[in-house]
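What follows is a single chain, given as structure tokens, in the form predicted on its own.
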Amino acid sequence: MKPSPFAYHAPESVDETLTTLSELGEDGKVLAGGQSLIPLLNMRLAAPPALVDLARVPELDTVEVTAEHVRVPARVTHERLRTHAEATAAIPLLRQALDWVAHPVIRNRGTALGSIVHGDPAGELPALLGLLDGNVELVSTQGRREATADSFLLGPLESDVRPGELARAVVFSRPAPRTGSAFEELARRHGDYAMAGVAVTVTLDPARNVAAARAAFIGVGGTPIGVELTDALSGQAFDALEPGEAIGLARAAIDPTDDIHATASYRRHLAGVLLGRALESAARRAAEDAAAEEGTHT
């Protein structure tokens, strides 16, 4: 199939982009990588009267790494972020999650922020928005605002980008020292959307016991589901975790449904198994981070 007819705009700056989006209002749809939008257009599940292509906007193409965060503008592809040494050293969970995203061809075209805006319940990047205390920068001719995961991800394939607005960048906070992370998921084939998946962070105290732990699940609800696990794991040694209580909390918190790929009960069981694996990996990496930090101070 082919898409419905549409007008095409190719602005060359952020200001020109915002002016164009303001003039188009509800008729305008932003095109970045297009790996989600183009199939929807071709199947005529979406038929916007106009596309605004960001391909010629250089301000949206540079990853920024600071002592506090990693900022990823709208044109940065999955693969460029996945292989960005400074960004993935600052937040290893970015690489751990992006390793699961689709296939090389799609990673080379699709954008990290575009995946978050698309809001697929089984997408990897939306889970990181909440887990890493991130926010989405939204700009228009009327000004600028920021949205956190709770306010931005509204439901399946629904995010809070208003008419005339551009999602300019996503900002992920760097984790605390002695924090390890992991991402686990299961799909029928690697690169397919996950039946269930989980991103985890574990922070250790100086004695290598758990001080904080959090998880975000994909594929088991309409949006990523965050679960606070600190109380269930606090004080446990990194190499002797007893995750049973944490797994029970997670299984109670998620909300899977039956579909053609898996039953709700199977997804709930799978989420717990993946959480146990991810916690073990994240705790081990946290201990390695702590050892490396101590080595730099001796």
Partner chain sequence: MSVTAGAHERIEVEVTVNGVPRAAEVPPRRLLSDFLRHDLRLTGTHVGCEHGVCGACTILLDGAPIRSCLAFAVSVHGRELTTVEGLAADDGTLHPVQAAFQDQHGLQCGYCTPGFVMSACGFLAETTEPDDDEIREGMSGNLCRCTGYAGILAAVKQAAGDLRASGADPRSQHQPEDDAFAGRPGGEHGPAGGDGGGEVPS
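Note that the structure is a prediction, hence the values are computed from the model and not measured. Numbering follows the first chain given and starts at 1.
Just so you know, the form predicted together with the partner chain exists too; it's not on screen, but the next bit is about it.
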| query | finding |
| --- | --- |
| A262, heavy atom within 4.5 angstroms of the partner chain in the predicted bound form | no |
| Touches the partner chain in the predicted bound form: D53 (any heavy atom, 4.5 Å) | yes |
| The partner chain contact in the predicted bound form: A292, any heavy atom under 4.5 Å | no |
| Any non-hydrogen atom of P163 within 4.5 angstroms of the partner chain in the predicted bound form | no |
| Stretch from 166-174, 188-196, 127-135, 111-119 whose residues place a heavy atom within 4.5 Å of the partner chain in the predicted bound form | 188-196 |
| Check all three, T19, V139 and T141, heavy atom within 4.5 Å of the partner chain in the predicted bound form | no |
| The partner chain: the contacting residue among V105, A89, A207, L154 in the predicted bound form [heavy atom, 4.5 Å] | V105 |
| Listed residue that, although the partner chain is not shown, lies within 4.5 Å of it in the predicted bound form (heavy atoms), from V63, L249, L31, L241 | L31 |
